[in-house]
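Below you will find one chain, with nothing else, as structure tokens; this is the form predicted on its own, and questions on how it binds or moves follow later.
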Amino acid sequence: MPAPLRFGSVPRKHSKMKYERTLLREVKGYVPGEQPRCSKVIKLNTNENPYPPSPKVLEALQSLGPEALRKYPDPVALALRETCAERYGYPAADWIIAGNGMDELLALALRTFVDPGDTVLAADPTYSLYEVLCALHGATLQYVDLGPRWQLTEAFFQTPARLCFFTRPNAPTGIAASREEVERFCAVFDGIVVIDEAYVDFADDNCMDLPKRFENVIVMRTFSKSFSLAGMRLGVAVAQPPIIREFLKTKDSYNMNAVALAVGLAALQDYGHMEANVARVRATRTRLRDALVELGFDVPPSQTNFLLAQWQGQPSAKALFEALKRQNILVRYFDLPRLRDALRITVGTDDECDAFLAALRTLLQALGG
């Protein structure tokens, strides 16, 4: 059965604000992972890449002169789109749109293809921003529970909607549905399929070719994770040209700033640097998962730069989260029905992961009795 909404479905208890939109009275904004001001923190809570971006990125930053800041940027990000098209195997820039982070593109997908009152589909659990965006747009997000091992169920394939957010690999589980499942879904779903590939560079395969075969498919990528550019806010979407033309109607006039455009282009032009960083993260991910399993955690095999570590023992997952935070080690805890026994842990450097594991072992011994 579809799962109930987790956010925004219960009115908040607060005094009515004179100018508040009726729609916003029941909406809670998205809550990002904590961003500490203190530098002496092992930060494993927001899935940033632990390694720096390409040196070419820094060169691009240093080469930007005052003219780049004085003038408006390219409103259609043509150079970046052309480079993305070449990288991803598409014939021209009219298959690509760039956005101010992939989050903007997710919001644009609703603005462009979903009318208020329409239904949007997503698996549960998944990226909680989807629900916030739907609530802000006046759409209804229909969740369908993942199975006991976080797999897609038949109910997901059979649920109609105007648009589907298909997250592959999924967050926060880290699991990627098979390509066969994705293709089957795209073939039967009578709406827009947004394939969220935010973490796909850490996975074994991807679905970047599917827009060539399916007119209803949009594949989205971010530069925040694999390219180490979370601070730049840069994302791209790939779809057939008629879909992109609709996006261009609804995007802001100058939605990309000149710095992000220059940096994104430089990052794409040094693709090997990104791939080398990804290989390091994947190697550490394997070692970290093995250590967590040895400690007694149930850890699904991840295709991302994070692990979901489920814990049935004592102390509770929440207590571990709080105790780690007191030691300046941040991981992510979700107070949601199927996630209350789990910690989501970003794969950091080897030294960061070793420090995290050492602290975790000590806490389990001290607090678990």
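Predicted, not measured: the structure shown is a model, and the values here were computed from it. When you see a residue number, it is the position in the sequence shown, counting from 1.
Omitted from view is the form predicted in complex with a small molecule, to which the following refers.
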{"query": "Interface segment, criterion being heavy atoms within 4.5 Å of the small molecule in the predicted bound form, picked from 152-160, 284-292, 197-205, 77-85", "finding": "197-205"}
{"query": "Residue 222: touches the small molecule in the predicted bound form, heavy atom cutoff 4.5 angstroms", "finding": "yes"}
{"query": "Non-hydrogen atom contact residue 127 with the small molecule in the predicted bound form at 4.5 angstroms", "finding": "yes"}
{"query": "Distance check, residue 233 to the small molecule in the predicted bound form, heavy atom within 4.5 Å", "finding": "yes"}
{"query": "Close approach of residue 167 to the small molecule in the predicted bound form, 4.5 Å, heavy atom", "finding": "yes"}
{"query": "Residue (of 73, 101, 191, 241) lying close to the small molecule in the predicted bound form, criterion heavy atoms within 4.5 Å", "finding": "101"}
{"query": "Contacting member of 106, 176, 144, 135, with respect to the small molecule in the predicted bound form [4.5 Å, heavy atom]", "finding": "106"}
